[in-house]
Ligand code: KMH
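Just the one chain here, the form predicted on its own, laid out as structure tokens.
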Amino acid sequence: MDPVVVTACLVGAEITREQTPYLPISAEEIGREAEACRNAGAAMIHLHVREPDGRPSQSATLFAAAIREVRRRTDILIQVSTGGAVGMTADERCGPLSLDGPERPDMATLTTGTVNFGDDVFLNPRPLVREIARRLRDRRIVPEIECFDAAMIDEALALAKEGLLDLPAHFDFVLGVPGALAATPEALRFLAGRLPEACTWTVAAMGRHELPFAALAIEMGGNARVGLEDNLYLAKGRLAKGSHELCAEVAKLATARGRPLATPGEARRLLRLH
């Protein structure tokens, strides 16, 4: 099987410093954590940014500062979020897509449907999905298709028929969000089996499911996303001291199952990045 692409989700839009003191917020903190994740075996980071007071932001200026700091320290790939936080407009969510030159992201997310998100609703009506897909296409930024439910695969295939998405594509199966598809092995096998030929996939399972599903993905030939955005704990009652500790656990899981870790260069090839 191909090497495992480990993606580290460092920041997110929901986690607070009250929940964990290890959440990186400033550009310097994000840069240090990205470097630590690269050293632990990650090939890519999934990037959100925050205002200095911790509020989620899609500011191109804040993304630029974080990306500069990451690239000053390490060669890890950078995937920016266009999901942002619940309630943001399309223009807000697409803030980081405007970046170019040394601050241009390697990849960006594209969520292809609306889903319950705890007590909130992560709203992605079809016109909005197509607007973000157009912006990604126009900027020639490769999307990662974020799927919180099975229908989001079908919507991605519809986008491909409309010329807004190239196949094969890369998918991220987000499992275990309250109100969305549960984290079960049956669900992951079903989703992976629905993909067109040559597509690649990653699993991002929430909370206590994170590491067990990373192990399952490795066994199935997929890839793994781990980090504080999705899970705060290294073990029950034991906070991870950063996403790098979770990446190190995935490295152990991959080694035990005979799969090497992808370097950023190998990940670029496997994910068909420009």
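No experiment lies behind these values; they were computed from the predicted model shown. Throughout, we count residues from 1 along the sequence that is shown.
As for the form predicted together with (5S)-5-amino-3-OXO-hexanoic acid, it is not shown, yet the points below apply to it.
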| query | finding |
| --- | --- |
| (5S)-5-amino-3-OXO-hexanoic acid in the predicted bound form: contacted by all of A169, T200 and R268, heavy atom 4.5 Å | no |
| Contact of V86 with (5S)-5-amino-3-OXO-hexanoic acid in the predicted bound form (heavy atom, 4.5 Å) | yes |
| Contact flag, A13 vs (5S)-5-amino-3-OXO-hexanoic acid in the predicted bound form, heavy atom cut 4.5 Å | yes |
| Contact of T82 with (5S)-5-amino-3-OXO-hexanoic acid in the predicted bound form (heavy atom, 4.5 Å) | yes |
| Contact test in the predicted bound form: H48 vs (5S)-5-amino-3-OXO-hexanoic acid, heavy atoms, 4.5 Å | yes |
| Interface stretch in the predicted bound form with (5S)-5-amino-3-OXO-hexanoic acid - options 192-200, 134-142, 104-112, 156-164, non-hydrogen atom within 4.5 Å | 104-112 |
| Within 108-146, the residues that have a heavy atom no more than 4.5 Å from (5S)-5-amino-3-OXO-hexanoic acid in the predicted bound form | T109, T111, F117, F122, E146 |
